[in-house]
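Shown here is one chain on its own, the form predicted alone, set out as structure tokens.
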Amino acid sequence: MNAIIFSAVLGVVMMFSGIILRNKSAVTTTAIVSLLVLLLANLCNSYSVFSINIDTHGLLHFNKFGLFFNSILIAATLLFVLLSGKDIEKAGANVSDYYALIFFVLCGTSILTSFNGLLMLFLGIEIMTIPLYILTGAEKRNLKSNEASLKYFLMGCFSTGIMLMGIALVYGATGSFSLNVAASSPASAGMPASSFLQMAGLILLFVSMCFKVSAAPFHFWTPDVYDGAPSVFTSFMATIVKAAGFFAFLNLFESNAQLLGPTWKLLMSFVIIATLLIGNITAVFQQSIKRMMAYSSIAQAGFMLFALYSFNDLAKEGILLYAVAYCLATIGFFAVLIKVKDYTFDGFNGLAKTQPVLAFSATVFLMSLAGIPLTAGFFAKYYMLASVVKSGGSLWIVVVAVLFAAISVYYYFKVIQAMYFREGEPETLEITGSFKTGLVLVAAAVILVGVLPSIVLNWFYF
């Protein structure tokens, strides 16, 4: 409860800080301090040091898994602001409003890591996504940004309508908004009509959540929205927001997937393969690195979906590790991408000669996204695949996932090839020494987690 209340209050504080603080750097500093306070409040709640206790009548349920995942999201947001705070300041005149919206998004993600009913799932999704529509259209004079914002808004409304219909059908079948409706399933009471309503509702909820996490075949909004949004906010959407969506997805179906019986594994197999296929194959043919990263995020979603295929301890550990690895690498790479004026592959030609620190850090981040050993992405993918083997799932889907991971190496290494093996003088924005230091520290963290993944998991268990 600490994170929900603190993020909402700090969001209001950031809104009014724009009136008091005229200096954009001061606003960014206030946001960093506020994020540290929010992280501390969530950690205090996790270890029962200090917690605000409010009777939510069972609508919210706080456990160690959700609180730890919430800490990861807040820490990733802090890293995002530390690396890209200067770029947020350049996104527009209303810097304090952007930070306020980011805190409101964190309020939504905090609800999604603790919801215990379908109504709170709906509220969490809406509180998280509505500020994103505004952030996507932050560059008001950019037609691509306006188009991306409108498309995101329309697709978001459409998927929300599907979610509400699913919730209505589940409530009509069970008379409850609780997540644990499987125990009192009408199917076990010989009520086929109600059972059909419940299963139809769950399938609609599944479709709407696939929209939210950009899983195929409901991914079509992602490339245009990620490409059109200001790059600094694309980084935020593709990491913290996506990770929160996957946690909600996992929490929603952990106790309800059994209602769909064998259909669940078949449905998940189709969605996973389609997501990996579309994400990886389409990324190969992209000329813009930013758009390539959009399709890459779809491909990464395919691996994260293995947690829903397995539902075991390895899957839970894997989704935690994947959230850390994916956020570190993606936030880090987008921080580099923002500093280069030309987002095409040619725009990165010769970057290693002019900006060796940026090129080295970008290489580490890309290798992690590709799942190369000694980087955090390797163990993240390993845990996902190992969870399938442990659950007794089909080995063919593991083999297919490995093949697609090999394909991803091709388009990630195209960027590395451009930086190190092609001649050119890429145009870059002003790069400070503190920014380079931050990049190196993030790259070191990626390697450290890749060598010792227990660093992340020990925090969860102890």
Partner chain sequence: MIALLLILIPLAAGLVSFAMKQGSAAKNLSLLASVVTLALALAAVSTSSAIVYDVAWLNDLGSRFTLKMDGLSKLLALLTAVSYPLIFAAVYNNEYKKPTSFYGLMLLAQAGLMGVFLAADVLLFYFFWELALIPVYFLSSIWGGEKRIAVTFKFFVYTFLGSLLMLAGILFVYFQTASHSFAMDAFYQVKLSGAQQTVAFWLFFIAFAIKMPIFPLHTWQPDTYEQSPTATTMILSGVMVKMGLFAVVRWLLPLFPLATEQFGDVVMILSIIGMLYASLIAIRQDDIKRLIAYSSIAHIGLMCAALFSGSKSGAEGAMIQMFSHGINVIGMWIIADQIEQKLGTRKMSELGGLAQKAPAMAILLVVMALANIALPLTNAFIGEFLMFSGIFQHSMWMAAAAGISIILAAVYTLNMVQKVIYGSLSTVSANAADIGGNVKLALIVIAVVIIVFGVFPQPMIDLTKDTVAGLFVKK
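Positions refer to the first chain, counted from 1. The structure presented is a predicted model; accordingly, all values stated were derived computationally and were not measured.
Just so it is clear, the following notes concern the form predicted in complex with its partner chain, a form of the same protein that is not shown.
Heavy atoms within 4.5 Å of its partner chain in the predicted bound form belong, among the stretches 45-53, 417-425, 59-67, 28-36, to residues of 417-425. In the predicted bound form, at least one heavy atom of residue 385 sits within 4.5 Å of its partner chain.
Not displayed here, its partner chain is approached by residue 379 to within 4.5 Å at the level of heavy atoms in the predicted bound form. Interface membership of residue 452, defined by any non-hydrogen atom within 4.5 Å of its partner chain in the predicted bound form, is confirmed.
Residue contact with its partner chain in the predicted bound form: residue 363 places a heavy atom within 4.5 Å of it. A single residue from the set 179, 314, 91, 162 has any heavy atom within 4.5 angstroms of its partner chain in the predicted bound form; that residue is 314.
Of the residues 95, 351, 337, 370, just one reaches its partner chain in the predicted bound form with a heavy atom at 4.5 Å or closer; this is 370. Along 398-423, these residues reach a heavy atom to within 4.5 Å of its partner chain in the predicted bound form: 398, 399, 402, 403, 405, 406, 409, 410, 413, 416, 417, 420, 421, 422.
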